[in-house]
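Given next, in structure tokens, is a single chain: the form predicted alone.
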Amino acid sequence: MSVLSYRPSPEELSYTFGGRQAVAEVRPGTIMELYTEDCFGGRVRTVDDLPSRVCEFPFLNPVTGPFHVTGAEPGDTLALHFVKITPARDWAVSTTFPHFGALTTTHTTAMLHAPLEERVWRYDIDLDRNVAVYHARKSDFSVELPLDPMHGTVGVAPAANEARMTITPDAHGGNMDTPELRAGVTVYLGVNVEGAMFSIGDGHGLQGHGEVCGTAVESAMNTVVAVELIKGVATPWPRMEDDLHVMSTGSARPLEDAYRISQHDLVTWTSELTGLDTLDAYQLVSQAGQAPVGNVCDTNYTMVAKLPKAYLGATTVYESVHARLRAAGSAYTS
């Protein structure tokens, strides 16, 4: 088993997908041990560290990478299986921003009322008890929330030599912010450029669906990822698979279009997997599918369409790569 460990220095962090040289080359079949910073680059450490004072736009939402995958070419699919996602510190933070989030005025939702206050919450992370402790800022109220670590941002370089800010989700992946991207999940990303050039970041110790206030329980992470390449198979939008479900994503504005993209991809994917007529697949997904919200605050919104694999019959998903990578991950941890 080939294992590659990489911990970036602050200067090696990336803030775009595309437009960067690879920090390392990785072969399919490799297990990667990665450190990722939180969305503030570790600069927001106390409730007095307002992001507007300690961070500099556009240097937000850093990612670790990009990594060049040997043999990856446009038209292939990159498979990344998240073996472990572990908070790297005993604290995490969340914030409200004056012009960011689902329930405030933004640059695209113009309102005359005053913007929300910029405020920071600091969470205590207890890995032994698997909790993040929420502390209200204006009272003594506190409550323990179960940790559910995930990565808000994962993606490859976009097509046509484009560079996209890491905060924007789209067909290349990016800042999808879906809680479905937790350990035990394989994400499938269509390759657009030679080497795929994938990056990972934006760890969340916990996040509600929608990331309504604009930030989650933002945490640096120690993450273990298994890498595989599926040659000659294209993937139009990021897809995910766990032991029980297949999932499609869509990112756009308005939210209805993100929803439509994710549902369209799941319906057509279901048709391909089962051999069903498109409308028969449409009917199956309509009655058996779920639609978890990713984010409703980023430059594009993200929706997920989710279907239990039990309803797909005897079919093989991406050459059974999820099962193989899960086995490799189990061998790594044992």
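Because the structure is a prediction, the values reported are computed rather than measured. When you see a residue number, it is the position in the sequence shown, counting from 1.
Below, we turn to the form predicted together with another copy of the chain, even though it does not appear here.
Q: When the contact criterion is heavy atoms within 4.5 Å, does Ser52 count as touching another copy of the chain in the predicted bound form?
A: No - in the predicted bound form, heavy atoms of Ser52 and another copy of the chain never come within 4.5 Å of each other.
Q: Answer yes if any heavy atom of Met165 is within 4.5 Å of a heavy atom of another copy of the chain in the predicted bound form; otherwise answer no.
A: Within the cut-off, so yes.
Q: Mark Trp91 yes when one of its heavy atoms lies within 4.5 Å of a heavy atom of another copy of the chain in the predicted bound form, and no otherwise.
A: Judged by the heavy-atom cut-off of 4.5 Å, Trp91 is well away from another copy of the chain in the predicted bound form.
Q: Can you tell me if Arg129 lies within 4.5 angstroms of another copy of the chain in the predicted bound form, counting non-hydrogen atoms only?
A: Flag for Arg129 set to no.
Q: Does each of Ser9, Gly75 and Met221 have at least one heavy atom within 4.5 Å of another copy of the chain in the predicted bound form?
A: Looking in the predicted bound form, the three residues Ser9, Gly75 and Met221 all stay beyond 4.5 Å of another copy of the chain (heavy atoms).
Q: Just one stretch in 79 to 87, 238 to 246, 222 to 230, 201 to 209 has heavy atoms within 4.5 Å of another copy of the chain in the predicted bound form, so which one is it?
A: Looking at the other structure, the answer is 201 to 209.
Q: Taking another copy of the chain in the predicted bound form, which residues of 96 to 125 have any heavy atom within 4.5 Å of it?
A: Residues within 4.5 Å: Thr96, Gly101, Ala102, Leu103, Thr104, Thr105, His107, Thr108, Thr109, Ala110, Met111, Leu112, His113, Ala114, Pro115, Leu116, Glu117, Arg119, Trp121, Tyr123.
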